[in-house]
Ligand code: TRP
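The chain below stands alone and is given as structure tokens, in the form predicted alone.
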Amino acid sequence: MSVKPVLISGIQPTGRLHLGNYLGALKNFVELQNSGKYQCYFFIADLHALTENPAAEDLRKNIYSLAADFLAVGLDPKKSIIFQQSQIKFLQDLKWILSTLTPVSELLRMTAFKEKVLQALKPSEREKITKEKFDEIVEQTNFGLIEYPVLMAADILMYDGQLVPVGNDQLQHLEFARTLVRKFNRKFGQTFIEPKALMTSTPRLMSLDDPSKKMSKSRPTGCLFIDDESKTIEEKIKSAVTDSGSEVRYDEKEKPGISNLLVIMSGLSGQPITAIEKEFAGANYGKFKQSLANLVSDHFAIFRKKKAALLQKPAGIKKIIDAGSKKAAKVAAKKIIEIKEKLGLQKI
């Protein structure tokens, strides 16, 4: 019997998940799991979440909430290994080992790191920033943001991950992990597999109250959270910014508001935008918005019930995640022995 390729991905527990998180990650996770083609590992990336310096109580709450999201949306512990990143003790060993092969300059060049560093600045300030000012900001930046790609590489290589579902924004980090594999294997012998990107179609969802800005939890009024109640969903969509005219037509430049709503409807219904345009030809914005509100609400109705029921029994969530973490830890323990033997770190 052929061994299925290992597929691995994680999500940070940094707050409620919105529609962009669902269409860009969770929906794909469930489809990949149910395809039966892969040995799937899906984890709660709680160590990565520490870079945002959350309060301990908030992080605990978010970990449980994300675990409930995983299970309610359809991730199945019988089909996938679902675990908590921080419970894999040998992960830090591998991160340290990989860091010794990593030039600091390479981490500082990472696009995602630069964006995080500049996030607090206004767009006009970013355009005018000097190298000296950038270096000054970097000096005050927490080191977790800099070493994020090293931890991400360890997350993948610890389980011999072969496929990683990613969007374009994570390709640079994945290529960095591939570089580390080549470095390690050349120096110490064949140990790791070069992970490959499994490109996922991630629709770019914009804020409902300002289609010039990306949908984000930092703008809750313009953000559709997947656990929003039906009434809230309807209110947000009905108040969503639209454009002049009344034609339901995709035109990102001239009609950014309605175009964003069309992307949402297409992502959830599976229909191409052209088919939706035909369906609502001659209809006004009000009718289209009501139809979209119904679609979003109905799509997540079962999810909302399941999540609420799961959160009523946190011990049940803990049991599932603990069991998954033990399975992942067993794989990690076996891998770290192989790695340390290659390095000359075996126990004397």
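Residue positions are given as counts along the sequence shown, with the first one as 1. On a predicted model such as this, the values are computed, not experimentally measured, just so you know. Between two forms, the rigid core is the largest collection of C-alphas that superpose within 1.5 Å.
As for the form predicted in complex with ligand TRP, it is not shown, yet the points below apply to it.
Residues of just one listed stretch (227 to 235, 182 to 190, 136 to 144, 155 to 163) have heavy atoms within 4.5 Å of ligand TRP in the predicted complex: 155 to 163. When ligand TRP is considered in the predicted complex, only one residue from Leu292, Ala45, Ile321, Val30 comes within 4.5 Å through any heavy atom, namely Ala45. At a distance of at most 4.5 angstroms from ligand TRP in the predicted complex, none of the three residues Ser239, Ser259 and Phe288 contributes a non-hydrogen atom.
With a 4.5 Å cutoff on heavy atoms, Ser269 does not count as touching ligand TRP in the predicted complex; it lies far away.
At the 4.5 Å threshold, heavy atoms of Tyr148 reach ligand TRP in the predicted complex. Using a 4.5 Å cutoff between non-hydrogen atoms, Gln170 counts as a contact of ligand TRP in the predicted complex. Mapping the unseen interface onto this chain, Ser325 falls outside it, with no heavy atom inside 4.5 Å of ligand TRP in the predicted complex. In the core-superposed comparison between this form and the one not shown, Val166 has its Cα shifted by at least 2 Å.
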